[in-house]
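Below you will find one chain, with nothing else, as structure tokens; this is the form predicted alone, and questions on how it binds or moves follow later.
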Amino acid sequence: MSAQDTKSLWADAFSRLVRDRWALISLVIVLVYAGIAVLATIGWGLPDWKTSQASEYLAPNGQFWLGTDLFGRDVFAKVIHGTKIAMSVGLVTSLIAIPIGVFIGAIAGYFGGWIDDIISWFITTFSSIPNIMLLISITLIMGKGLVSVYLALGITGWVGLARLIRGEVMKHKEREYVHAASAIGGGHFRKLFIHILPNVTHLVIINTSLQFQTAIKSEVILSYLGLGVQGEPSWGTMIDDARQELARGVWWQLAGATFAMFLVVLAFNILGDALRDSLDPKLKGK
């Protein structure tokens, strides 16, 4: 038996991931965004976006890399602060949506029967509502602001993962290791949470990377519509502000916010695809 054959799934996945140049570049980009978000949160070493520092609508130059806005504020500083908003939305939304999706999907797939019927009906009904309309409705009910964005995206982002986990748990519960756990007296909790769920962890990791970029795009849409972040610059509010500026030839605020969002969403997409390929047990050793 070769060393490749005895390598664990996680070790094999890591070795394949580090050989993927684009995946590593995407990971570095995501880590840079995360680092910027942390620095912006603690307010250390980054430019101030609140203070007027120059004339209005100053074009990009050596001092202000992305120019200034209507009030003479540094647009680059606003993009940096928008990074904090975007990454925090992705993180908090994932922390809300993923546990909900895993729990609901695992319960439905493991117990089956009428429990599965009820949960499947709920998932189908919930997913039949257009996502953007559901998000807008929830934010209007809870009020504008970042907390509302967290909750709205969190309680609507679990459906896809729940379906995926349900199907995987239905397959795993019939496998030999679960029957062996039953033979030695293992209860439902032990079989589901100790034996089955660790074997579907790779799906949760992949879904987390996808959930991040979906949450970032959704926050931008909500902020663009005036239902998201209030009193702070986010990429969505910057794009909304830029609508009036384009008529005056002021393009740098739109360009900065759009490129920042494009780069991180692309990085998460590439990283998600690489994680999917690396963590697929069928591709182990290839």
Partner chain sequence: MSMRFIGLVFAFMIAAVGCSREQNFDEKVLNLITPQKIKGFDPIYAADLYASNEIGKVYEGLLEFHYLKRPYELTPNLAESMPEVSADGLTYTFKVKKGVLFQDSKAFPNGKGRELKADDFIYSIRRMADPKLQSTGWWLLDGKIAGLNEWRDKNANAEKVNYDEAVEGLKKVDDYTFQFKLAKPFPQFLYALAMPFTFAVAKEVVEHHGQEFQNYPVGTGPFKLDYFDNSNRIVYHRNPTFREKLYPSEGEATDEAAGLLADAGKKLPLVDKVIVNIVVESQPQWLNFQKGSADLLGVPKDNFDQAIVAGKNLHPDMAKKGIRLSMVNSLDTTYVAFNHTDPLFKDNIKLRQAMSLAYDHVESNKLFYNNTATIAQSIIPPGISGHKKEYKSPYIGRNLEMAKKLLKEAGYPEGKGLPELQYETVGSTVSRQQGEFFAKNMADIGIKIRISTNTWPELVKKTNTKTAQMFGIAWGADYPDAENFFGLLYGPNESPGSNSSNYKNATFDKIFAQASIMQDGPERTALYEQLYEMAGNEVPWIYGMHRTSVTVYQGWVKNYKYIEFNHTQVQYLNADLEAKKELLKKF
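On a predicted model such as this, the values are computed, not experimentally measured, just so you know. Numbering follows the first chain given and starts at 1.
Form predicted together with the partner chain: not shown, discussed below.
None of the heavy atoms of I42 is located within 4.5 Å of the partner chain in the model of the complex.
By the criterion of a heavy atom within 4.5 Å, Q244 is counted among the residues contacting the partner chain in the model of the complex. By the criterion of a heavy atom within 4.5 Å, G35 is excluded from the residues contacting the partner chain in the model of the complex. At a distance threshold of 4.5 angstroms between non-hydrogen atoms, L140 is in contact with the partner chain in the model of the complex. Between the options H202, K173, R163, R73, the residue in contact with the partner chain in the model of the complex by a heavy atom within 4.5 angstroms is R73. The three residues E56, T237 and R248 all sit with a heavy atom within 4.5 Å of the partner chain in the model of the complex. Listed stretches are 94-102, 140-148, 202-210, 112-120; the contact stretch with the partner chain in the model of the complex is 140-148, by a heavy atom cutoff of 4.5 Å.
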